[in-house]
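Below, in structure tokens: the form predicted on its own, a single chain.
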Amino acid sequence: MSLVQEMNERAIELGVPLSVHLDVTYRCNERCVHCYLDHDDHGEMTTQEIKQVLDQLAEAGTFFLTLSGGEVLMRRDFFEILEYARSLRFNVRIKTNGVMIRKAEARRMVNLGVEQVQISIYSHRPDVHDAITKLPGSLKRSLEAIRFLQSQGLKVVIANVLMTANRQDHAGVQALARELGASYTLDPTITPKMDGDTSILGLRISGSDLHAVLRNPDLVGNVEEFCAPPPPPGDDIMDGYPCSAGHTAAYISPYGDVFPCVQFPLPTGNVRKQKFKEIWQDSPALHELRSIRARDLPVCSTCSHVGTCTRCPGLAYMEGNMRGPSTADCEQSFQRTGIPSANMLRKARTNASGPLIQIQAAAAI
């Protein structure tokens, strides 16, 4: 067992919010077509309010802190916030588009002991990347930022969100990451906007494209093992937590709202009205969330994928029920293994148009 796994298990036992994601702003200099945020400022927390929140997180036992946005550097006080976070001994990771990072900013991040910087790159082709961000020249500037950060010795992760506009470009971005000496992650999940708007879900890649991605050895490693039929779940799986959100992890918006995760907009409290620790320990919504085990999920508990699915309770919540399936994750499990999920089969049985035949045909691809 790794040290991080041990920390997570201990955090669950003690009820500690080990990892917190704090968005310091929703303002951004890009307007990515798939973004789930409202970029207008509706009264984000002041510098002093954020410092008070950081004090409260330290008191609650948080160790891993992700600072994100929006674009973090849209806040002129960002480095003051970062410096204060590091003075409290948080292990800090930053998510940024990198457009505003130059040598001076990169050097300061190194001097402050930032653990890692994640930058989104959508394509190795400028016309595709810039069309997604809607900021001309953004790919060039983001790549310059990566080089600045790498030259200072910082760990950089290139995050590649896959959608219809860049569905053929992941190999090019992965090659670019290797060339730059950066790590690479691929995410084929497009999420609804935080206000529930699902219009951007039309950007999700097709099942056939997802099938190809999930069976690509350059992305998943051992395909035979990764795509193998799921083993029967044991009691450890059925009695386990579906996700770390709300158990060892939390998300705080620029307005002080506390949620289990950035993809799980279940209201639990606001740090402008209560201390974070009070919300974490006393929120009825969090108590309900923490009571749920895999065996308590009406549909997913009957599914062969229950032990291997990447089911996101936040996406399920945005579909109407945090105890229900996440259709995006059902699709991923199906395209990975060729085995329909319990949710897909349930829908097929209640739909007279015969999608079960279509499911079986797709599984044979």
Partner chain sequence: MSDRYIARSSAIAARMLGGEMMIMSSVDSTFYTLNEVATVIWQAADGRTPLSEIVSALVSQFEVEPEVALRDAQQFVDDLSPHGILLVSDHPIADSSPRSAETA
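Keep in mind that this is a model prediction, so the values were computed, not measured. Numbering follows the first chain given and starts at 1.
One more form of this protein should be noted, the form predicted in complex with the partner chain, which is absent from this view; the next part is about it.
- Proximity to the partner chain in the model of the complex, defined as a heavy atom within 4.5 Å, singles out one entry of R93, K103, R125, R295, which is R93.
- Of the residues given (L37, V299, A58, V33), A58 alone sits with a heavy atom within 4.5 Å of the partner chain in the model of the complex.
- Remark: Q335 does not count among the residues lining the partner chain in the model of the complex, judged by a heavy atom distance of 4.5 Å or less.
- Though the partner is left out of this view, L88 does reach within 4.5 Å of the partner chain in the model of the complex, counting heavy atoms only.
- Heavy atoms of P267 never reach within 4.5 Å of the partner chain in the model of the complex, leaving it off the interface.
- Looking at K155, you'd find a heavy atom of it within 4.5 angstroms of the partner chain in the model of the complex.
- Of the candidate stretches 220-228, 188-196, 251-259, 114-122, only 114-122 has residues whose heavy atoms lie within 4.5 Å of the partner chain in the model of the complex.
- Taking the partner chain as positioned in the model of the complex, the residues of 8-30 that bring a heavy atom within 4.5 Å of it are, in sequence order, R10, A11, L14, V16, L18.
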